[in-house]
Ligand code: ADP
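One chain comes next, on its own, written out as structure tokens in the form predicted alone.
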């Protein structure tokens, strides 16, 4: 039996009440993302890209339509089930690094495993493995203030990888970095992609989007173009 897609969305709609009417942040988005893909989602402000990322990250639910993450029907899950799905299947990387300032890189990376109930020796071993994967094994005892912006983002990526997620979601991951450091982080994403990681990245920057293997453009809550296949 073949493995289900990392993401399968069919006619996804997300509406918000506004006065006596409704605003459709997403107005019918269908997409399939197989495992091992690197997809960049782009579009102007208000196009729906952040809304779509929130749905893929199970931080919000669609108003209508069907969404499955690695074969898990999101609509069938209660809040506790969604939390388990996020913890076991999803890794998040944001524009801001969201690291605990008085905590070592190793402990920052291990934090998601605390919520997963993993024993401390295994947490730290997996954190070291993740830091090694992003090239920061020698910085594991450093606090965020002792690291450059690029190194802090690498710690954040290691934290996203430590749960061994099905899907890595990145929201403007280079937005707070200079151009040289941005290229280093994109090179890291490229390495992870070559190693088999599935990456969905939201960006407003065409140059960043160009590094992905597939580009999906949103406009007015719909897919305006997709240079990959939905089949």
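These figures come from a predicted structure and were not determined experimentally. Residue numbers count along the first chain shown, from 1.
As for the form predicted together with adenosine-5'-diphosphate (ADP), it is not shown, yet the points below apply to it.
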Is the site here open or blocked once adenosine-5'-diphosphate (ADP), taken in the predicted complex, is overlaid via the site C-alphas (blocked: 3+ ligand atoms within 2.4 Å of backbone or C-beta atoms)? open
Is residue 217 part of the interface with adenosine-5'-diphosphate (ADP) in the predicted complex - any heavy atom within 4.5 Å? no
Though only this chain appears here, would residue 25 touch adenosine-5'-diphosphate (ADP) in the predicted complex if you measure heavy atom gaps against 4.5 Å? yes
Taking 4.5 angstroms as the cut-off for heavy atoms, does residue 45 touch adenosine-5'-diphosphate (ADP) in the predicted complex? yes
Find out whether any non-hydrogen atom of residue 64 is located within 4.5 angstroms of adenosine-5'-diphosphate (ADP) in the predicted complex, and reply yes or no. no
Selected contact from 163, 182, 166, 51, since only one has a non-hydrogen atom within 4.5 angstroms of adenosine-5'-diphosphate (ADP) in the predicted complex: 51
So which stretch, 186-194, 66-74, 173-181, 37-45, is the one near adenosine-5'-diphosphate (ADP) in the predicted complex (non-hydrogen atoms, 4.5 Å)? 37-45
